[in-house]
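The form predicted alone is given below as one chain in structure tokens.
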């Protein structure tokens, strides 16, 4: 029998070991050294779960909120939270607040700040107006709310946890400001995201254990994958003699009331706007040796492209291929020039997330969930004309 693909254990067996406090859990960093010391075959028979982590700005994020009814009741048609517009097109007292929505009165404040304020237990001013109806006669309301005082607060992020992302550079003579941060002129810096060898979708590149229903660590709480993320477009590209995988994304959901500001932070990108750092960790069950080998990938084996962000989106040229090992070293060489690198993701925080998830599993606080279906391996790439 092929030892690479033969089953070593099942979800049920792993969860039984977790419940008994017997599961062997290592992080995606720790498994690399384990494989170097013991070999993949032996490590696969020893390890039950490998934990991953990422902490990065994820603009496509937000929360559904239900405020509860006023007396007399109002059907909220326009809604503001700390002067940040929220969506009023749902039911009477439901809304969706996007992380990148901007305040109408305060510069450098947006939806992500409101979300962080709620998680930190701070009061947020709710203002809403309506045309009024027979059953919802009230036409306006202004009050202060907290996370505890409202009925529900559900984080629902349409696109998180990019499997891979371009590194960004600027070849012009002027500084440009982007969602990849400030890019200095004359290739003064290379900005990159993704936590490399700790990143969840790098550790299960064919999505054998990742799909709808997979239980995840989400901003300090237990959440789930709800769907594939928007712009989900898995790809394998050969460039400069290197294999670049990427394009997968996740849509995730979880209870904001259980989350921690340790793993959720508002951010301001000068010249671009507001975003939110989201902390995600995904446990990878080691069902067979092939899955173990996938989790032992190193930064030196993971590649991305350096893209010139000074061009319009569809015209941006690829200037080179670089490994995450090179990016994390602090400098890369491009066209004979040594360029310093600047990470957007926090590797230290990703490591903390993987370690926190490991501890929760070891203490029988976190069981694995088999996905109802795994992520699609193909996607579409339509554009507006």
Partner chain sequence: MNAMIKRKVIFTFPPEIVEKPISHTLMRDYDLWVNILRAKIEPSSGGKLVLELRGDEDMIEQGIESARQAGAGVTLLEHDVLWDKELCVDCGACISTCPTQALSLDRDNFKLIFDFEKCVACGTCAEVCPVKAITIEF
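Bear in mind that the values here come from a model prediction, so they are computed numbers and not experimental data. Numbering follows the first chain given and starts at 1.
Not on display, but discussed next: the form predicted in complex with its partner chain.
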Exercise. Report whether all of 55, 190 and 351 sit within 4.5 Å of its partner chain in the model of the complex, measuring from non-hydrogen atoms.
Key: yes
Quiz item: Looking at the partner-bound form in the model of the complex, is residue 64 within 4.5 Å of its partner chain by any heavy atom?
Solution: no
Quiz item: Does residue 177 reach its partner chain in the model of the complex, with heavy atoms at most 4.5 Å apart?
Solution: yes
Quiz prompt | Close approach of residue 182 to its partner chain in the model of the complex, 4.5 Å, heavy atom | solution = yes
Practice problem: With heavy atoms only and a cut-off of 4.5 Å, decide whether residue 217 touches its partner chain in the model of the complex. | Solution: no
Exercise. Choose from 202 to 210, 143 to 151, 265 to 273, 85 to 93 the stretch whose residues reach within 4.5 Å of its partner chain in the model of the complex, heavy atoms counted.
Key: 265 to 273
Quiz item: Here the chain is shown alone; which of 356, 341, 323, 60 has a heavy atom within 4.5 Å of its partner chain in the model of the complex?
Solution: 341
Exercise. Identify, from the list 300, 240, 104, 108, the residue with a heavy atom within 4.5 Å of its partner chain in the model of the complex.
Key: 108
